[in-house]
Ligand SMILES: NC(=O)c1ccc[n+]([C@@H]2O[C@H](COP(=O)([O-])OP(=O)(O)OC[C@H]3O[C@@H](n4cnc5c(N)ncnc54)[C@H](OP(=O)(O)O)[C@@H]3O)[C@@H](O)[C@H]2O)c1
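The form predicted on its own is given below as one chain in structure tokens.
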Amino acid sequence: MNLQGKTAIVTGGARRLGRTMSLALAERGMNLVIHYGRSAEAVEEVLAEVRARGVQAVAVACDFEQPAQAPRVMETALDRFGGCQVLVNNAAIFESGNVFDTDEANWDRHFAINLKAPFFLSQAFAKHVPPGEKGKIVNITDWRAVRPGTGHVAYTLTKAALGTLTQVLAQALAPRIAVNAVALGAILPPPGKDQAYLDRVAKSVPLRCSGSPEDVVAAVMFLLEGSDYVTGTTLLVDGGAHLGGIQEDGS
């Protein structure tokens, strides 16, 4: 797909990996709808950086703990740009919780934000890809979905389900819309952790290193513009962690 002049939605697009992907898409000439939850200050900074690259951008606040609000993001794309060709479902939460201490609130937050919101936004996106055009969806998942451990139970279940949803949508939305996923490993420290955490993880990953946001961008861009003959797949960007290198410790 030629991305120049087209429009992309990036959920959670103001911070961390979402910000990196937003800027990378802007570099390729895409107009952007940047969803955010509570990062009002960060989203203004990203909007300025995106617009400095010569493209248009708009931000939309939406609380994905209320998944019924998710289609509002698509409505913003329709109102501002008349349509949308790319959706990156990036927004997610990553909270601890094992089999014994995961409570209902933890469970519900993860399923609402990490699974229900991407589904209903994808549903709205699929209904509004401009006539005569094709679309692409990229879901951001996690290596834990492929090789689950005992920690982060609700998070892992939602990411595993998002991987399955990727395959379901790929079949249901073909041939107009290609749907793929990128499963991440140690790219950025999770909230509350620092570089030392990544350095420790890297010692048990087959490639013996952590990844970078640029590694993620390269994978996403392959799926968006590198090949139009890929759908229903999950591209693992984890240094081989899914092979069993990392031992889940619940941290």
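Computed from a prediction, not measured in an experiment: that's the story for all the values here. The first residue of the sequence shown is number 1, and the count goes up from there.
The protein also exists as the form predicted in complex with this ligand; that form is not presented, and the subsequent description refers to it.
If you check this ligand in the model of the complex, you find no heavy atom from any of Pro71, Val220 and Glu225 within 4.5 Å.
Taking the partner from the other structure, this ligand in the model of the complex has a heavy atom within 4.5 Å of a heavy atom of Ser39. At least one heavy atom of Lys159 is located within 4.5 Å of this ligand in the model of the complex. When contacts are judged by a 4.5 Å heavy atom cut-off, Leu17 counts as touching this ligand in the model of the complex.
With a 4.5 Å cutoff on heavy atoms, Gly239 does not count as touching this ligand in the model of the complex; it lies far away. Interface residue among Ala145, Ile177, Ile93, Leu165 relative to this ligand in the model of the complex, by the heavy atom within 4.5 Å criterion: Ile93.
Contact with this ligand in the model of the complex, judged by any heavy atom within 4.5 Å, is made by just one of Val201, Val55, Leu47, Cys62: Cys62. Exactly one of the stretches 188-196, 25-33, 47-55, 201-209 approaches this ligand in the model of the complex with heavy atoms within 4.5 Å, and it is 188-196. In the model of the complex, this ligand lies within 4.5 angstroms of a heavy atom of only one residue of 144-158, namely Tyr155.
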